[in-house]
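Coming up, as C-alpha cells: structure 1 and structure 2, two forms of one and the same protein chain.
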Structure 1
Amino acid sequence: MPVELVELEGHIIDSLIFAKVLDVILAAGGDYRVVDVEIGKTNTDVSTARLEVSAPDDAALASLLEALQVHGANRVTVVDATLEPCAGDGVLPAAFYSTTNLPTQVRVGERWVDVENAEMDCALVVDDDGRAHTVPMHRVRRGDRVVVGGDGVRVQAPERPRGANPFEFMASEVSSEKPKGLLVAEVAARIRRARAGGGRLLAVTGPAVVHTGAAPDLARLVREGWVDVLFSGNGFATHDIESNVLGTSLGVSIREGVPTEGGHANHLRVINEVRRRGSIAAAVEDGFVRGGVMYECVKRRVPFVLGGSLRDDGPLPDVITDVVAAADAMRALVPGVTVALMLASTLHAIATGNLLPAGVETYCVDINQAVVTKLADRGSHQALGIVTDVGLFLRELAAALCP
C-alpha cells in the first residue's frame, strides 16, 4: 500500500480536527499510523500530529491526501534522494546509502519508488527511467547513479504480529525447547501455503545432511517438486554423490556407521570421476551417479549453485571457486524465493541470508544454537531457528510433504 507522511498542526484536539482526520482516512478506505502527537501545554499552544497515511493504491492515496488537505493536514515535504554517479567500476561514492534487507522506497521525481530487490549491504542505484534497485558494490559501473545520504529513502519496518506462536513472531526466535513435531508440521504447512501462492523454496544444505543420513529424504523432497533452488558447497555435493556411488559419507558407511577400508579417499575418487566426466550433469547422464540430491536436481532441472571455499578437495567441476561470482550466481536465483530452509549449513546459510529480502520466511535448522544466533546477528532477523538434528527434521518434513 502506498504511504505518505502528513502533518497536522493547530488547535486540532479542541477543534476535533484530529479525530475528524482519522475518521476521514478510515471512511475513505485508507489507514493510518500515528507517528507522533505533541499536545500544546497551554490554551494558546498549538498541537501537532504526524500520521503515516496509506491507501489501497496511488490514486486513492492522492485523492485522500487532497481530502485531508482541506482539514489542514499537509503532506510533510520530503526531498528527493540525492544521487551521485559512480566515478569508476566497482567503486561507490563515499557517502553511499547502505541498504538493509527490508522493503525500501526511494523518493525520485517527487514519487516514492519501490526498490525492486531488497538486499542488505548494497548500494541503491536509480536507473534513467526512475526504477530503483540494489546493487552490490562490485557490480556498479562508472556513471551509475547511486543514492547518497539518507534523504529520500525510507525503510518499512517489519510488521510485528502479536501472538505467542514463534511462527507469528519471526524475530530470531530460537526453539531449542519447543516441541519439534509441531514446529516441523508448521514449517510444512507454511511451505504448502507459500507454494500455493506461487512462491519458490530454496534449500541451503551442509554436509551434515548427508552424514546424518537425511540425504534420501531431501532427495525425495526434490523429486516430488518441493525444492526449487539449491545452494550448497563442494562438501555436500561430494558426499551426496559418494554416498550414492560408494555407500559412504566421508568414508563412513551410511548403513553401518563404521569407517570402511580405504574410505578416507572415497570422496576424492568420486570427485575425480565427476571431474573426468566434466560435470555432475554429465556424471548423471552416463549413469555414474544414479541417485541422491544432486541426481534429483539434475533430473528435475532444479537450479543449484555450489560455492567453493579454501579447504575444498577437488573440487567438483560445478563448484564456482570465485566467491564473488558464486554470490552473483546465487543472487540471480533469489527472485521469487519466498521460503528458505537453511539445513545444517553455517557459511552458506549466512551467505544466503545476506542475499535474501527480509520478507523471505527463513528456517534455520541446526543442532548448534550458535549457528542460528549467528545468522540473526548478521542481520537476517526474519530467521526462525529450529535447534534439532537435521536428519530428524528432514525425515519428518519429507513425511509431512510427501505422504
Structure 2
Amino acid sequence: MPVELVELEGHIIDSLIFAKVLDVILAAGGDYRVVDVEIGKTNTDVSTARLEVSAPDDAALASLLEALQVHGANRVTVVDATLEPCAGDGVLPAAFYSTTNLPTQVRVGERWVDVENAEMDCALVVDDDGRAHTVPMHRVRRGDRVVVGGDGVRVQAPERPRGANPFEFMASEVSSEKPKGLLVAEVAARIRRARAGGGRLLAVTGPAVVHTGAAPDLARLVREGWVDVLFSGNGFATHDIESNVLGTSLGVSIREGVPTEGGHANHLRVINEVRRRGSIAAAVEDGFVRGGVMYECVKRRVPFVLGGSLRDDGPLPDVITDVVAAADAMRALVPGVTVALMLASTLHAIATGNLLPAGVETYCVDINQAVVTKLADRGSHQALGIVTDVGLFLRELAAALCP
C-alpha cells in the first residue's frame, strides 16, 4: 500500500481535529500509524502529530490526502508547488488544487508564501512577482499560473473557541436546548470586541426577518451603526419595503397578523413603484420609502448586495440577476468583515459562507435546526448555529447593542 507522512499542528486535541482526521482515514478505507504526538500542556501551547497514512492505491491515497488537508493535515515532504498555465480564459488545468477557506500557504522558489483572500472552491494563482491568491474559476485568464496537485501547499488546522465559552455548552456546535439569552449576550460581546478592533459586521438576511416582525430591530442595528454590509435577495428587500409602505408582509398585516384584502399583490405593487423610480435609493430620496432596513442602509450608506434567483417577482431594480456577477459583488465587500450573522437565510447564507475566510466569526440563526447545520456541512468550519426564532434573537441583540 502506498504511504505518505502527514503532520498536524495547532490546538488539535481540544478542538477534536486529531480524532476527526483519524475518522476520515478509516472512513476512506485507509489506514494510519501514529509516528509521533506531542501534546501542549496549557491553553497557549500547540500540539503536533505525525501520521503515516496509507491507502489501497496511489489514486486513493491522493484523494485521501486531499480530504485530510481540509482538516489541516499536511504532507511532511517539502517541495515547491507545481504551477501550470491556464490554456484559456475561465478554464483551469485539469489537476488544479481546489482551495478551502482555511489560512493557506504555497511553497514557491523554496519559500512559503501566504495565500491572500482565503476562499473555498477556488484556484490558487501565483503571480510573476511571487504573490499567491485565490481566484474563482470564471475569473482566471489565459496564462495565469495555477497550482496543480497538492504538493507545496499547506493549510492551518481550523480551531474552535478556547476556554470558558457558552458555545461549548453541551459539547455541541448546534442544539435547540442551549440557553438563548446567554448565546445572544455572547454574540453581542463578540460584535463589540470585533468593532473595537476595527472589524466589520456582515448581516445576511432572509424574508423571515420581516415576516417575524424582526425588521425594525435590524433597522435599528443599521441605524445605530452596528451593521456595515448587508447581503440578501429580492424577497427580503421587497417585504421590508412593503411592510414600511403598506404595513403588510406577503399581504399579512404586520400589526394585526391577519391577511388584508387584495394583500397578495402588495409586494408586486411596491416593486412596481420602486422600479418606476429606478432604484431603492431613489425611492428613499423622494419619500416613497420612509423606514425599514433598506431605508436605513441608504441613509447610512451601508453597502448592500441583493442577489437574484429564479423565483423573484419583478425584481427590484437593485437586484443583480446574474448570479455570477452577484457573487463577485459580494466577494468585493467581504474584505474587512470579521463577524457574519446569517439570519433566517439558507440560499444566501450558503452563498456567503462559500466566500468567507475561516477566520470570520459566523453565527447562523434559524428556527430550523437543519438549516443551521448546512454551513458547516458545506465547509464553513467556523459556523456556529443558534436554533431559535430570528425575531426573538434580533430583539434581544438590538436591546444588548442599542440600550
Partner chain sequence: MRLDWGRRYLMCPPEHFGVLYEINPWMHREVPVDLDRARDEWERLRATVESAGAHVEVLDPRPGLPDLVFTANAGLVEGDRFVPSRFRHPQRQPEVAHDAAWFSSHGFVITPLPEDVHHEGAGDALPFGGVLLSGYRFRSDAASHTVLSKLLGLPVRSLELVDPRLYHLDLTFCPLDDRRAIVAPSGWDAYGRQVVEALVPEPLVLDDDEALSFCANSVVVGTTVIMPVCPARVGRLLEGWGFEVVESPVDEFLKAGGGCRCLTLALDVRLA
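We call the rigid core whatever largest set of C-alpha positions still superposes within 1.5 Å between the two forms. The structure presented is a predicted model; accordingly, all values stated were derived computationally and were not measured. Numbers follow structure 1, counted from its first residue as 1.
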* Only one is the form predicted in complex with the partner chain; which? -> 1
* To do: Single out the hinge among Thr77, Arg290, Asn43, Gly29, the place where one rigid part of the chain pivots against the other between structure 1 and structure 2.
  => Thr77
* Angle of rigid-body motion between structure 1 and structure 2, smaller part versus larger, in degrees -> 138
* Value in Å for the CA shift of Asp36 between structure 1 and structure 2, taken after the core is superposed -> 2.9
* To do: Provide the displacement, in Å, of the CA of Arg50 between structure 1 and structure 2, taking the core as the superposition reference.
  => 7.4
